[in-house]
Each structure stands twice: as structure tokens, then as C-alpha cells.
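The data below hold one chain only, encoded as C-alpha cells and taken in the form predicted on its own.
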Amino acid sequence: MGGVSGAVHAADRAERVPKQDRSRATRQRLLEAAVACLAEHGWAGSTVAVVAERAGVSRGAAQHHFPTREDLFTAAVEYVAEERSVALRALFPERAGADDRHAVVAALVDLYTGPLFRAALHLWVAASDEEQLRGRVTELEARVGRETHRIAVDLLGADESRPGARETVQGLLDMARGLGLANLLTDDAARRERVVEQWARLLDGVLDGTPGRHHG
């Protein structure tokens, strides 16, 4: 009898695993769709129904995972924050090229002009009006900001005990954020490249205490 019972339990477990996998996959699709909708349509155009349709699931299935719009987009905030952290950590996984400051500056600027930053920006705007989102967005942005600064310092080889080093790295990140904002309206890649070149020179001067090298 115990053998039969064990077989039944094993079958139950086998059935549950695919079901759990399907549930995780559905949740992942909903989060990706929520981020994409925010990037394309902003907060006003990103309803649960729109997100569910984009994810290819029913509204009922969406509400099973995220009962309210705030639940969905609070989870999207966390997802975007984690994806941005993953993208940051993956910039130079083996530190290959991390000694080339021009490459590091360009990679950081690319992060701020990509779809994850665009989605994050829409979340900021939404959080300014939505009390339910504000605390979570503020908390996660602070975390991502600290991590971004730490990774930038590491990749740039910045000694923050040098006068002006910390402020220069922070200025680089503020500049990259500004380029990301400008990119919402128009893609100005040529101008952006000239700004990246100049910042790489400035960083050489401040972080090494030497005149900036030319990066070809």
C-alpha cells in the first residue's frame, strides 16, 4: 500500500513541477510586458488589461499573479531594478577592457540610454503621482544608484581618497542620466559619442592626475 501511496505522491510532485514552471514563466512574461508597456506607453497607457494582452495571457491569469495594478507595477519596479543591476554587473564580467576608460564611460552611457532606463524613468514619473509606488521606487532607486556608483568606481579604477574623484564619478553618472533623458526625445548618437570622449579625458585627468589621453 505504501508503494502505491509513494507512487501517487511522486506523480503529484511531477505534475506540480511543470505547473510551477508554467506559473513562473507566466509571471516573468507579465513583468517583461509591464516593463515594455511602460517604456512604450507610459503609466497612463499601461493597464493590467494592456499588459496581459501583450504577455499573451488572460486578464484573469494576470490578476491571479498580481491582484491590483499597483501589485503588478511594484513587482515591475523590483524587476527593472534587478535587471539593471544584472546589466551593470555584466558590463565587464572578466574586467576585460575595464582599464579602457572610454569603453567604461560608453558602456555606462549605453545603460542609461537603453530600454531598462526608459522603463525606470516612467516608473519615476508614475511614482511621483502614485503613493503606492513612491516608497518602493525611491528605495530601489537608492539601491541601484549605490550599486551603480560602486561598480563605476571599480571599473574606472578610481581612488576616492583623491580630491574630486568621488564627485567626478558621480558627475559622470549624472551626465549619463541626463543623456538618457535627452534620448527620450531624440537619438543623438553622434553628439553622445563626443560627450563620452570628453568625459573619458576628464576622468583621466582627475583620477590619474595627468592630462587626458586621447582615446582613438
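Note that residue numbering follows the sequence shown and begins at 1. Rigid core here is just the name for the largest C-alpha set that superposes within 1.5 Å across the two forms. In this text, all values refer to a predicted model and were calculated from it rather than measured experimentally.
Unshown form predicted in complex with a further copy of the same chain; subsequent notes refer to it.
Tell me, please, which stretch of 136 to 144, 102 to 110, 80 to 88, 67 to 75 lies within 4.5 angstroms of a further copy of the same chain in the predicted complex when heavy atoms are compared? Correct option: 136 to 144.
Does the 4.5 Å heavy atom contact test between R194 and a further copy of the same chain in the predicted complex come out positive? Looking in the predicted complex, residue contacts with a further copy of the same chain include R194, since a heavy atom lies within 4.5 Å.
Does D174 reach a further copy of the same chain in the predicted complex, with heavy atoms at most 4.5 Å apart? D174: contacts a further copy of the same chain in the predicted complex.
Look up in the predicted complex whether A182 has a non-hydrogen atom within 4.5 angstroms of a further copy of the same chain, and give yes or no. It does: once a further copy of the same chain is placed as it appears in the predicted complex, A182 has a heavy atom within 4.5 Å of it.
Taking heavy atoms and a 4.5 Å cut-off, does Q198 contact a further copy of the same chain in the predicted complex? The answer is yes: Q198 has a heavy atom within 4.5 Å of a further copy of the same chain.
Interface residues of 28 to 62 toward a further copy of the same chain, as seen in the predicted complex [heavy atoms, 4.5 Å]: Counting only heavy atoms within 4.5 Å of a further copy of the same chain in the predicted complex, the contacting residues of 28 to 62 are A39, E40, H41, G42.
Rigid core superposition, T113 Cα moves 2 angstroms or more between the shown form and the other one: Shift of 2 Å or more: no.
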